[in-house]
Structure formats: C-alpha cells, structure tokens
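In the structure tokens that follow, the same protein chain appears in two forms, which are kept apart as structure 1 and structure 2.
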Structure 1
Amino acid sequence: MTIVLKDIVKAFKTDVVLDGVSLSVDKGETLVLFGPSGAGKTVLLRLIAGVVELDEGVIEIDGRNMDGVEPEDRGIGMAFQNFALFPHMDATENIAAPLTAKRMGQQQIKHTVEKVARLLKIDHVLHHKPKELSNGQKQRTALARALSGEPHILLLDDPLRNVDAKLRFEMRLELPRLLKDQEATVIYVTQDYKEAMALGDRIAVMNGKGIQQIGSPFDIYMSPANVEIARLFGDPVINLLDVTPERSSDGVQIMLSGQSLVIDDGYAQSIGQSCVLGIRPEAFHFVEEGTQGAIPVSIETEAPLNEKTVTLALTKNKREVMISRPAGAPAPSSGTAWIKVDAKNIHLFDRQSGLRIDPLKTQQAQGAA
C-alpha cells in the first residue's frame, strides 16, 4: 500500500510540531524518519495511525482519504516506544493478538509466533508476562506483535532503542530482509544515523517542524542539504571550516592551512562570500611531504576506534581537523604531517543560511544569465 501525506499541520495548544509536512511512501518501501528528539517524528507516525487527530492536511492510504477512518480500520501494524503490551497476557499471547483477531488456526499461530520470536531472540521469554521482561525484551515483543500479523503497512517507532548494542547490530542486518519478505510499506523512526542508513530505502530528515531533506542514504550522506544534516550523519562528525572562495589563475580556490585548494568552477558565484567548507574525516588521506596539493598539519593525538583510527590535527591557523583511516593503515602519530583531499569530496555551505551550495546549480545560473 502507498502512503501520501499532504500539507500536514499539527499543534498542541500554541506549540506547532508539524507545519506543512508532505511526503509519499511507495508500496513495499521502507522510509526512515530521522532527526533529533522533538522533531515531530513520533507525532507524524501517530497521525498516520489515526491515534492523534490532524489539525490540517490530508493522509491517504492507497488513494483513500483517512479522514474519519478509525485506527483499527487502517490496516496498520504499529510498534511504539511505550510498548503498549497487554499486562495480563504473556509474550506469546501479546505477539499472537493480531493473529487471534484474524481467527487464525492455533497451529499456524504457534508457528508464526515462534518464528518471529526466534528472529528477535525472545523465544526464551515467550511465557513471561510484561512485568517479567526487561525493557529491551518488551520492545522486541511489541515489534514481534507488529510483525506477526503481516500488515500491509508498518509504523515502527524506534523499535530497537532499548536493545543492547550487539543485538541492535544484528537486527540492522536481519530487519531489512524480514521487512522485504513481508512486502510491507514501512515508516521507521530512529535517532541513530547508522540505523537510518542501514534500514532505509530513503531517509526523511526531520527538524524545525518539518522535513529538511528526503533522499537515499547515499544522497543524504554525500549531498547533505545543509550544515545541520551534514553534522548529523557521520562518526567522527564532518570537519567544518570557515572559508572565503577566491579567484586564482587556476580557477576558484579556498585556502586551507596556507595551501591553495582548487575547487569546482561552479562555485564561482560564491567568490568573496562567507562560506563553510565541509570535509568528511575519511576524505582526507596522508601523503608525503612535497606532494602536489599537500596540506601541512600538526598532529595532536590519535584514537583507535575498532575498524578505523582517527587523528586529531591542527592547521597552521590552529583550526582542528579530524582524519579517519582504516585500522592498521600507516600514518604519522606526532609532529608535522601532510594531508590531501580530492576537491570532488568537499561540501560548501552558505555561512549565513547553512544551506549547501550546489556547483551544478551555480553553473546553470551562470549559463542562464
């Protein structure tokens, strides 16, 4: 089933949470709503589910306007942060609730419950009541209940939030496969950017009462719409440095640690303007002294982070930059070093608005002029 939201507005008294939100989710697609706490992600899910009423706008499911349609008639499976388990039922009965409502046979119910419980690693607590479960087990039981009925639409509100790190990593690998097998249309809420990247066919980044950017995980990471989104995706966080593009004999350049970095001619419209240069830590790499375009830095410290090592360095102007490399890759650990970045891997943002400057758009604007 498809989901279409048009100009959604929701306020609680004078607090406007969502202001003109529009998006669509294709049949069988997993759309991740990602953003900080308070961005309106859970409210949007509850509006779609019908448990919170709209102030303005339209919600359509498979082309049908949901205005006046009760939550139980929307064909939606839900797993919210507050678990909402039946306290008098054990885990088996909670998970089986949607199947019992469909009057499914006992053997089929037993098979389905055990299958989803094994996947979520709660098969050992199936006979426990909610009060006997940890928060992580409660959350997985609520998720199992949402999955068991194989609904056409799944609304999942941070369902792995209370799960330990090891299981959370495993579920990032298992959940996409399960969701694809069910062919459900999924809206998944998370504040974990790695989870968003792993699970989403597309990601909608929410903040400031609406959606700031929608795109594939690759697009969001490689072409963030603004500085704020660039900061949200990546570990370590993106390097952000104030710069002013200049004209040089080689084209458009910016200065970094006293070294000229020639960038795309499409940035010519930004010459003389206050900008923010964004460079992902993994876009830097160490080179030998004398390498063309090498940027001198002073090594402060380095930290091994499992599969990578992160180096903190200072430019000549004492600006901090972080450099990430695969664990075990050789690099200087102290003193002066030289780093290089491919100009194709930079991001340029307007310092005042924070918006990403697209060189292609700049070139088109010049051509139109």
Structure 2
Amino acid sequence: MTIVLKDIVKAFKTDVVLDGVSLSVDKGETLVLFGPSGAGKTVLLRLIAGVVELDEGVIEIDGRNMDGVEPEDRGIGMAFQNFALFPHMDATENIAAPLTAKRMGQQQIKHTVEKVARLLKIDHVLHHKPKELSNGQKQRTALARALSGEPHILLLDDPLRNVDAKLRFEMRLELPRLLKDQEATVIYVTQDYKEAMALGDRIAVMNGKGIQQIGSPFDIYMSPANVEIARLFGDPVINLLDVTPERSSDGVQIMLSGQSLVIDDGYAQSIGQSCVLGIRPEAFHFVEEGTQGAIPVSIETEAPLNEKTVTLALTKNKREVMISRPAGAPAPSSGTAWIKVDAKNIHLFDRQSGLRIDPLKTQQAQGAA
C-alpha cells in the first residue's frame, strides 16, 4: 500500500501546525518522521489515520482519496505514544480488538493473539489488565494490537518514548525485522535520531510546520539540508563555527586559529560571505605537533561515553570544540594538543538562511554554464 500526501494544511484555531506538507511512502517502505516535539509529526500521523480532520490537501492510500473515509475503513494499524490501551479489557482483548472487528472466530482470534504475543514476548501477561502491566509490557501490548490485524499500513507514534533505556535498545534491534516480516508500509515517528537512523529506509525531517528534508539516513547525516538538521543528527552535537571562506592560492580556504583549511572549489561562490562551518566531532583527529595544518587547542575536559571518548577543547580564539574518538584510542588528555580535520568531512552552511551550501551542485551548475 502506498501513501501519498499532497499539500497538507492543518491548523488548530489560528495555530498552523502543518503548512503544505507533501510526502509519498512506497509499498513496504519504512519512513521515519523525525523532528523535535511540536513539529507536527503526531498530527500528520493522525491525519493519515483519519482521527483528525484535514483543512486542505489530499491523502491517498493506494491511490484512493481518503476524504470522508472513516478511520475504521482505512486498513491501518496504529500504536500511540501514550499506548491508549483499553483500561477495562485485559491484554488479550486489547490485542484482539482488530480481530473482533473482522468478526473472526474465537479459535482463530485466540491463535492469532497468542502468535503475536509470543513474538513480542508478552504471552505470559495476556490475562493482565493494562494497569497491571509494566510500561514495557504496555508498549508491547499496544504494538501487538497494531500488528495483530496484519494491516497494510502501520503508523507508529514514538512507541519507544515511554519505555526504559534497556528495552528501547532491544526494541530498536528487533523492530526492523518485525516490520519487515509484516510487509507493511510503515510510518514511524520519533524524536531520537539513533532510532530514526536504525529503523528508517528513509527519514523525513520535520521542523517548523513542514518537512525540511527527506532522504536516506546516510544522506541526512552526510548532507544535512540546514544547520538545524545537522544539529539534530549526531551525538555529541556537531561543532558549528562562524567562518568566512577566503580565496587562496590553492583555491578556497577557511582560516581556523590561523591555520588554513583548503576546501572544495565548489565552495567558491561563498567566498567573502558569512558562513557556518559544521564539523562532526568524529571528523576531528589528534595529530602530532608540527603536522601541516594542525590547529592548536587546549584541552578542557574529557568524557568517556562507552564506545567513544569525547574531548572538549578550546581553540586559540576561545571557541569550544568537541572531538570524538573511538574508546581506547590514544590521545592527549590535558594541556595543549593539535587537531586536524579532513576537508572532505566538513559541512558549510549559509549563516543567514542556515541552508547547506552544496559544492557538487555549484560545480555542476558551473559546468553546465
């Protein structure tokens, strides 16, 4: 089942939440809606489910306009962020809700519920009421309810938000397989960039009333459309430095603490303009003193984060930078150190608009001209 959204507009009273959102999701694809809270992700999901009414625009499921189609007739399975279990029914009845709607036989319902419950490891709590379930069990029950009817479309609204870290980690590993097995078209909402990268075939980044970028997790991480998206993806957060590219004998350069960093010729259009340089913490590496282009920094503090170690350092101009390296890799832990960045791993953004400056695009444009 494909989902196509065209120019969706939705406002609550005078508060415009979505303004001209267009999106299409292919059959069997998992699309992650990612963005900070208040970006309209949940509203978009509810519009697709049909429980919130559209102001303008068209929603098509499998080519069919959903205008006036009741939620129960859309063939959708949905898991809510707040679980929304039926408090007066036990887990079995909760999970069976989509099956009773299809007027399935008792025996078949029992069989299906048990199958889904085994898959999600809640078969031992099937006779518990929601209030007797732990948060993790509630979340799995809600997910089981969304899956049991084997819908062609699954809408998952941040289902891992309210569960503990361990379970979230486990589910992040299990969910992709589970979703693939369903062969359903999935729209998954999350605020966690790791979850987005782990689960999405594609990610749609929502911010400020609309979608700012759609692409594969790799694309979004490697070429974020603007500063905001660059900040949202990555932990620790990307280093952002105000710079002004200059012309040099080798092409285009950026001065960092008195050291020249020669960047792609494609950035030539930005010479003399106020820009923001984005360097991911892992793009920095420590080098020996005296290495060509090495930037001196004084190390402030170091934080080991299990699989990696993050160093906070100050440049000569008292700008803070974060440097990340795999845990165990040797590095100075105090005093002055020298760091270097590969010019290929930088991102340049226009300071005014925040938009990414794409060196390839300008090169092609120039080539065409």
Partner chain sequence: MESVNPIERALRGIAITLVILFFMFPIFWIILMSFQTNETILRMPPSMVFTPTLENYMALITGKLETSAGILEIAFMKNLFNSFFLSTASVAIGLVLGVPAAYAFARLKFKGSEDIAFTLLSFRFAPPLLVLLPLTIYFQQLGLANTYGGLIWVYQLIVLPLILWIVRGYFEDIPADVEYAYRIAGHSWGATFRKIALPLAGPGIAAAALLAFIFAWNNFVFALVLASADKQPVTVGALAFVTASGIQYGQIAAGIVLSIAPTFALALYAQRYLVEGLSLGAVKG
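Definition used throughout: the rigid core is the maximal C-alpha set that superposes within 1.5 Å between two forms. Residue 1 is the first residue of structure 1, and the numbers go on in sequence order from there. Please read these numbers as outputs of a predicted model, since none were measured by experiment.
Structure number, where the criterion is the form predicted in complex with its partner chain: Pick structure 2; the other is not the form predicted in complex with its partner chain.
CA of residue 266, rigid core aligned, shift of 2 Å or more between structures 1 and 2: No: residue 266 shifts by under 2 Å between structures 1 and 2.
C-alpha of residue 107 off by 2 Å or more between structures 1 and 2 on rigid core: Yes, the C-alpha position differs by at least 2 Å between structures 1 and 2.
C-alpha of residue 216 off by 2 Å or more between structures 1 and 2 on rigid core: Stays below the 2 Å threshold, so no.
Core-aligned CA shift between structures 1 and 2 for residue 135 (Å): That residue's C-alpha is offset by 3.5 Å.
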